[in-house]
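Below, in structure tokens: the form predicted alone, a single chain.
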């Protein structure tokens, strides 16, 4: 009897493994079609002479990557994208934490404040960009008369276009990051704060030595989300500025779009730019996660 037991267990293990693969197969097929196949196609396009209207003309690696890095707007778009990323990340993380602390401490207006801060997050980014495009319009916007009287426009200068777009993004996403920060704050045990009060710690000392260290996982999540989203910024600048004035608000993703569908109509160079952006995102996110992990270990 004992000699028959291992085959039965082996047969059951194989059946369980097969059942697990069957459960996982829909997700695997979905990931394969939605992510892996497009990624392989982009890699092929980045190494091929692939005009938009003519199709694949054969391999030309590494010409597309050389042409991509030598594009006249490549380094300018990278510098602007990095500047925009730093500004939005600092504002969104700081404001999100401040709003979360305000909502957490507030008692009478807690429900109203949460709803008010979260309402803009329910609006799509493209819809919000169109709304602010009308708001900033010197012809049809509510500030049109004021702009004509004072002789200024929100989107007419590089700095004005940048900060006007940043204001849109902060208005749109501050509530979302407030919600993430609030979840992190509510996960901190009350006993820790009670012990700090008993030891005579001030509000600033409690925030600096308890709240901030225990929010490191939340900071890691929010910073990765904010940095990734900012580096891939497209809709807001395409709708509000079209990369102007004078290509001063051209992001790297908008440059990819322009190379692929406007002007050059070259899918090969656009794919090479996409691969460069993908590699940069992987490196940046790995660096961020390792930095937070090293901080936690210390």
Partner chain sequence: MTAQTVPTATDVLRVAEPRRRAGRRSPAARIVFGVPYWVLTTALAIIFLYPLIWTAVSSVGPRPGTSQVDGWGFGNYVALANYQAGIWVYLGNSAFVALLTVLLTLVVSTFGGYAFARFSFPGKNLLFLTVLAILMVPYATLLIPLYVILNMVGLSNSLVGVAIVLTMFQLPFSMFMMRISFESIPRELDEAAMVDGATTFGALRRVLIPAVKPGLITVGMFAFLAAWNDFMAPLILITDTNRMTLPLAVANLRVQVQGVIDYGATEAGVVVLALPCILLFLILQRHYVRGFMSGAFKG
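Quick caveat: nothing in here was measured; it's all calculated off a predicted structure. The term rigid core refers to the most C-alpha atoms you can superpose between the two forms while keeping them within 1.5 Å. Positions refer to the first chain, counted from 1.
Just so it is clear, the following notes concern the form predicted together with its partner chain, a form of the same protein that is not shown.
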Looking at its partner chain in the predicted bound form, is some heavy atom of each of 93, 163 and 250 within 4.5 Å of it?
no
Residue 148: touches its partner chain in the predicted bound form, heavy atom cutoff 4.5 angstroms: no
- Might residue 132 be said to contact its partner chain in the predicted bound form, defining contact as any heavy atom within 4.5 Å? yes
Q.
Taking any heavy atom pair closer than or equal to 4.5 Å as contact, tell me whether residue 116 reaches its partner chain in the predicted bound form.
A. yes
Residue 154 within 4.5 Å of its partner chain in the predicted bound form, heavy atoms:
no
Exactly one of 212, 188, 73, 86 comes within 4.5 Å of its partner chain in the predicted bound form through a heavy atom, and that residue is 188
When its partner chain is considered in the predicted bound form, the residues of 253-284 having a heavy atom within 4.5 Å of it are 253, 256, 257, 260, 261, 267, 270, 274, 277, 278, 281, 282
Can a Cα shift of no less than 2 Å be assigned to residue 22 between this form and the one not shown, given superposition on the rigid core?
yes
